[in-house]
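Here we start with a single chain on its own, the form predicted on its own, put down as structure tokens.
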């Protein structure tokens, strides 16, 4: 009985894949050979390093820290972002400097981050944002995938 169910589900999957193949081929043929514009277009391949897709304005990309006019980070070390993070990928160390609590370390482990945006939503000081527009996270080791957002140089 189980063999029959696996066979049935396999056939269903092949039908779905075949449908996508035929529909995409049909729309590519209409769009590129006959030059007829339709509302729906077939799937499009982007040649990534040379061509980059436009990123929507609300798309969540690499994290960035916001700074005050005097150059200090807006983060006050309230630890709300650490508390709300489902991936447990944020580490914050805060110290009191000149009577104000300021974050001295703010590290995000990108390899564990789910890019849910909860840290951005919960921040009362608007200290962290995910609107940098950078999607390239390339590294040869996991140690290099930790973003120190208070480091002002390039990383």
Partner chain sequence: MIKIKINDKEYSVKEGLTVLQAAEEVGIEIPHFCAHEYLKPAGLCRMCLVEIKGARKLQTSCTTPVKEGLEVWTESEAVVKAREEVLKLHFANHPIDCPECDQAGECSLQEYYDKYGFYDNPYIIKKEKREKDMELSDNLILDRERCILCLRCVRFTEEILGDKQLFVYERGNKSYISTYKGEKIISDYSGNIAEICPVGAITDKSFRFKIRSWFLEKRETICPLCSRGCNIYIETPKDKPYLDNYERLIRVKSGDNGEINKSFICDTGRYKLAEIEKRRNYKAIYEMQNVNWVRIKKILLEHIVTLDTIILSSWLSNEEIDLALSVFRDYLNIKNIFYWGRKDGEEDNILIRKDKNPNTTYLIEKKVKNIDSIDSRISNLLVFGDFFEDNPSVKEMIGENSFIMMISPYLPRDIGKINLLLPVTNFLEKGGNWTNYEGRGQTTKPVFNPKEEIKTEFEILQIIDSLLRKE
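Positions refer to the first chain, counted from 1. Predicted, not measured: the structure shown is a model, and the values here were computed from it.
This protein has a second form, the form predicted together with the partner chain, left out of what is shown; the following refers to that one.
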item: Distance check, residue 124 to the partner chain in the predicted complex, heavy atom within 4.5 Å; value: yes
item: 4.5 Å heavy atom contact, residue 94 to the partner chain in the predicted complex; value: yes
item: Contact test in the predicted complex: residue 73 vs the partner chain, heavy atoms, 4.5 Å; value: no
item: Touches the partner chain in the predicted complex: residue 101 (any heavy atom, 4.5 Å); value: yes
item: Residues of stretch 67 to 96 in contact with the partner chain in the predicted complex (4.5 Å, non-hydrogen atom); value: 76, 77, 78, 79, 80, 82, 83, 88, 90, 91, 93, 94, 95, 96
